[in-house]
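Take a look at this single chain, the form predicted alone, given in structure tokens.
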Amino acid sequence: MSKLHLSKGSTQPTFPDDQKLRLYSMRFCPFAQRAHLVLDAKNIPYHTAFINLTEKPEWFTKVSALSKVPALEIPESGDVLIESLIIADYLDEKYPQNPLHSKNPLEKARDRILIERFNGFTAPFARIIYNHKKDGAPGAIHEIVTILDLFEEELKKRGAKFFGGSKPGMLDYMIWPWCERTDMLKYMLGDKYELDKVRFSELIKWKEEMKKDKAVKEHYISAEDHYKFISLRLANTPDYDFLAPTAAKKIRLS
């Protein structure tokens, strides 16, 4: 499939009749990144269609009832799943290779609680991103640090390289997209943002180990590029395709 984002006036993509899963995504969306991480960590073959979320294709509501990404189309049944956590859990149950959730029901439940509690990070983080040029999102950094304290202690308690043990598990992958994006805060907040290397020593080491993971490297975007996308979006001039190959962009413009 094209690596360009499909927008208004585009034709609905035609996929090969190979029964592979079809993921509707957006390159800079952390929720969509969750789905990519699980698919790649479990080595599940799939096709990808990128969607311009500012100028959504007219046909997209036929695929995703709420016009959201990620949306996972399952050819064998015709169903389309939405919501990143639902998609992640489905994939882990449907495809047994490289399980990401613990087989222990209680441990799985604990991880799901931590994934939910991470919303205490994502909400203030979004406030910083979209308000840093206005009121600066007062109180957001304190909320973020409070959640990071919780995850720092949890990682120490588990005594492993990752929350999933010797390799990343579901909890690691579900929180990673936002942890990847924290590096762009230095461009927004300057000297006001820097993780305390002693207070968050385990999380800092975890982050460096995550960057080495095959699935993470497949979709990793630099802090500079994340910041560029956000800056363009805040200026009402979003460019979803600036990371696409130059040749492909020329074809789109011709």
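So that there is no doubt, residue numbering starts at 1 and follows the sequence shown. Since we're looking at a predicted model, the values are computed, not measured.
Same protein, other form: the form predicted in complex with another copy of the chain, not shown, and the subject of what follows.
**Q** If you check I128, C179, L81, L148 against another copy of the chain in the predicted bound form, which one has a heavy atom within 4.5 Å?
**A** Checked against the cut-off, the match is L81.
**Q** From the list A65, L189, I204, A223, which entry has a heavy atom within 4.5 Å of another copy of the chain in the predicted bound form?
**A** Of the candidates A65, L189, I204, A223, A65 is the one lying within 4.5 Å of another copy of the chain in the predicted bound form.
**Q** Determine whether any heavy atom of S77 comes within 4.5 Å of a heavy atom of another copy of the chain in the predicted bound form, and answer yes or no.
**A** Yes.
**Q** Even though the partner isn't displayed, in the predicted bound form is P138 close enough to another copy of the chain, meaning a heavy atom within 4.5 Å?
**A** P138: no contact with another copy of the chain in the predicted bound form.
**Q** Does I86 make contact with another copy of the chain in the predicted bound form, using a 4.5 Å heavy atom cut-off?
**A** Contact with another copy of the chain, yes.
**Q** Taking any heavy atom pair closer than or equal to 4.5 Å as contact, tell me whether A123 reaches another copy of the chain in the predicted bound form.
**A** A123: no, not in contact with another copy of the chain in the predicted bound form.
**Q** Look at the candidate spot formed by E93, R110 and E116 and say whether another copy of the chain comes within 4.5 Å of a heavy atom in all three of them in the predicted bound form.
**A** Affirmative, all three are within 4.5 Å.
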